[in-house]
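First, one chain by itself in structure tokens, the form predicted on its own.
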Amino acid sequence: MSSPEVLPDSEAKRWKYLNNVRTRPGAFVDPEEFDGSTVVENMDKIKIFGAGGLGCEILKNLALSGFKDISVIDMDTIDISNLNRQFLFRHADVGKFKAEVAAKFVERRVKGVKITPYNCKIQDFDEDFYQQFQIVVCGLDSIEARRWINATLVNMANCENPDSMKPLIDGGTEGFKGQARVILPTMGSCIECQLDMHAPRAAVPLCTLASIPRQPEHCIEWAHVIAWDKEKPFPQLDKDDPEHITWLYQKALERAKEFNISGVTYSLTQGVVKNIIPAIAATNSVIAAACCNEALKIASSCAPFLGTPGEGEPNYMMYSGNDSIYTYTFKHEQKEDCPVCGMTARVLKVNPTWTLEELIESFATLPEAQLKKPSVRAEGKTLYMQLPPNLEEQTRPNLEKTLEQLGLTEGTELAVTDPAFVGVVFNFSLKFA
């Protein structure tokens, strides 16, 4: 059942209480430096970009916070499982693109706001596209996507051009926990600096998957890791292709029935394969509100925002709803050896008897790297390249050689790249353990 539209008598009446906040200086703002008379006009001109799994909440909040020109990216279509928490969608919308449906719904309810939807990945656009926005708000459900947009905005930043500095407001949830943070590219800690806070989950032993699965997740991982590799139903697994996920779901369901395990669903299959934590509506609303609150503060200057330049100013807010409600803010320091915003190589402890293949595999599980398809160069030579195929074939024999056999010594610097992070070079300095 759709809700009736409720419109204000006038534009001024709709924004009356919001204007009481955004046009007045807060307790921590210098009244002499705050000009509330221009805030509404300036916010009308600001172009803001939003993306990700917190999209419904973020889109609604931004529109009701006075932002008039919003762009949103989401490549997903609406699944019936979304209807329990993503309130902009109705049963008739199942199968349609989320970005389009959400944009139309909010435009219909909040008159005067213009929302431009894009049904694609954030990686489908280049730096020229992102230059048009003044603020970027992300509620992405993927670490890889977060790292990509972070690297893109840092690469865009030019100290001689203030307009190139795009504040990144990032929010994420995991069950009853969540976080919101503001990143000013090159001026403080970025997402890559904080990567070790998002260490990959421990892998389930293959012997458990192959012989004694005990949980529905084990059946899904069996289909993902073992059955797919054995049967090769498609040339390459595309985690965003519903046909591929359906194949994995059917295989996992068969496996679960064999061992009398219940709980395998399509949405769970999608979550396990894409490493998505099930979302809780209340947590999403809290974190989305925190992110949009920061956007309002940045746009209006009515109060200091997370990440405000200054000694000891917090840039990270943690939230926990597991036992009552708890929040905590702190400053995450910028790392000099950050591969995106730092200037020095990161020390990498290795065993000199490792083969190059073992070293490359370690990049996937290393909390501060988490690279799935790394290519490696050393000083003056190429050790291994994932692409193009002819170069991969030429460098493949190096995988069986030890680091010592390859002439790598303590202090040797490695340049590591990954196709998921175009333009980013991860520099490591070897330290033998």
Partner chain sequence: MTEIVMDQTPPILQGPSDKERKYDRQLRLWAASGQAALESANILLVNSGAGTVGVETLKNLILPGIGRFVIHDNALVDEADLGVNFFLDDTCYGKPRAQCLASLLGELNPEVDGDWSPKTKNDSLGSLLKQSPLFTAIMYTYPINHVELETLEQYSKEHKTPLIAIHSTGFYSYFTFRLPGTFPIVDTHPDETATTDLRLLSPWPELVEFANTMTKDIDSLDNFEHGHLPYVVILLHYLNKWKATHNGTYPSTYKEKMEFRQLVRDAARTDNPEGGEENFDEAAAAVLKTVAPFSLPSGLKEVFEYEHKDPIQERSTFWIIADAVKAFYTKHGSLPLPGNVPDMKAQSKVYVQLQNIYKAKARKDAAEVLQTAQAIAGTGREMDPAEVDLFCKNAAFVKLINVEGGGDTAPLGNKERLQQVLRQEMANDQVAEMTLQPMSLFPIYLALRGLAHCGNASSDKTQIVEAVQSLLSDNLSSEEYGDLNEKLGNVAEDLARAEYGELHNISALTGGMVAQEMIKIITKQYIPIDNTCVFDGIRSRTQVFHV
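Residue numbers count along the first chain shown, from 1. What you see is a predicted model; the values in this text were computed from it and never measured. Throughout, rigid core stands for the largest set of C-alpha atoms superposing within 1.5 Å between the two forms.
Heads up, the form predicted together with the partner chain isn't pictured, but that's what we're talking about next.
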item	value
Residue (of Lys96, Arg85, Lys121, Lys349) lying close to the partner chain in the model of the complex, criterion heavy atoms within 4.5 Å	Arg85
Listed residue that, although the partner chain is not shown, lies within 4.5 Å of it in the model of the complex (heavy atoms), from Gln132, Gln334, Thr116, Thr327	Thr327
Partner contact for Val422 in the model of the complex: the partner chain, 4.5 angstroms, heavy atom	no
Non-hydrogen atom contact Phe259 with the partner chain in the model of the complex at 4.5 angstroms	yes
The partner chain contact at Phe234 in the model of the complex, heavy atom, 4.5 Å	yes
Partner proximity in the model of the complex: Leu64 to the partner chain, non-hydrogen atom cutoff 4.5 Å	yes
Stretch from 189-197, 162-170, 209-217, 144-152 whose residues place a heavy atom within 4.5 Å of the partner chain in the model of the complex	209-217
The partner chain in the model of the complex: contacted by all of Gly175, Ser267 and Asn293, heavy atom 4.5 Å	yes
The partner chain in the model of the complex - contacting residues of 14-29, heavy atom within 4.5 Å	Arg14, Trp15, Lys16, Tyr17, Leu18, Asn20, Val21, Arg24, Pro25, Gly26, Ala27, Phe28
Large Cα shift (2 Å or above) at Ile298 between this form and the one not shown, core-fitted	no
Core fit, then Asn119 C-alpha moves 2 Å or more between this form and the one not shown	no
Rigid core superposed: Ile183 CA moves 2 Å or more between this form and the one not shown	no
Direction of C-alpha distance change in the model of the complex, Val94 to Gln236 (at least 3 Å)	closer
Inter-Cα distance between Asp240 and Ala92 in the model of the complex, nearer or further [3 Å or more]	closer
